[in-house]
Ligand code: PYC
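Shown next as structure tokens: one chain only, the form predicted alone.
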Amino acid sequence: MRVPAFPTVVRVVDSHTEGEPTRVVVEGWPQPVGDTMAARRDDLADHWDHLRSAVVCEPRGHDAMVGALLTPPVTTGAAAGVIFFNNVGYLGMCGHGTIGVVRTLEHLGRITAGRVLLDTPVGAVSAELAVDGAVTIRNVPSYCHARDVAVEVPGLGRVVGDVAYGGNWFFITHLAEPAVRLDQVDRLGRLTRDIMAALRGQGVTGKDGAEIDHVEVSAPPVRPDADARNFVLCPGGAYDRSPCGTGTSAVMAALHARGALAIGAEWRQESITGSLFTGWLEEQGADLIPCVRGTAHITGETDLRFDAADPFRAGFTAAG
């Protein structure tokens, strides 16, 4: 039986993007192999998954933490490659995480204000770092896969929503109750987990059978400068504290499919914590390209240590 290898120390930089944490691994983690970011993600999952858990799960992290491993780029001109992960697995893309990575690279002195290109497992993502610290990401092509999809949810009844892609797969719906407020996160979490289970049980998927691993509840805004407020259930069972970059992208694609959002028109997405992303759609040939702007703040630099005698060296989580 292969014994998992652990480094002694992994250096990370922590940040939050509109309330949602990102932990960027900058040193100490053995680099995954592969000529593409998807191959590197798969190698990481096959050989270093114990480090994913150790870095973002308890006792060093928590279920809301999103990790980002920096690698050398695979695209000419890219500043870095990035593999995103959370408490239960890997993400194709992460909007808030990309904003956090850009601010982290600035913090490390690797980039300055201007355009930056990052390689991810779902493709190259460009971003623009403004002098005031705001970051605008230009996401991968997004689209609405199916409208008005109905699922029967035990205890809740018939739930209707749109299936859309924004770098991850989303089921976007509205609920009569509970209200999308912080004091209702437990109920919202239970209901969206039930919806997720119903989607899987009833065979509702994205394109080519792709698993829908996010559920987004959209509601009227609280802020006067917002268009909608959301609650987003992430794959590991935690909720997104930010408005969710890939979720905002998916919502804009779904709205455009309904004729409710024009190309170039701003969409102001409020999170359940009251933070805000501003987004809009651009056309690139036949593709819809979402742009999302938000701000991240560095919260710390840490050396994570992995004592061989530590019974929780590989971390633990109640999710998944």
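These numbers come from a predicted model, not from an experiment. Counting begins at 1, following the sequence as shown.
Here the subject shifts to the form predicted together with ligand PYC, a form of this protein not shown in this document.
Contact with ligand PYC in the model of the complex, judged as any non-hydrogen atom within 4.5 angstroms, is confined among 70 to 78, 245 to 253, 182 to 190, 149 to 157 to 245 to 253.
Checked against ligand PYC in the model of the complex, the candidates Ile195, Leu118, Val163, Cys234 yield a single residue with a heavy atom inside 4.5 Å, and that residue is Cys234. Contact with ligand PYC in the model of the complex, judged by any heavy atom within 4.5 Å, is made by just one of Leu91, Cys144, Val122, Val217: Leu91.
Contact with ligand PYC in the model of the complex holds for all three of Glu20, Gly95 and Asn168, each having a heavy atom within 4.5 Å.
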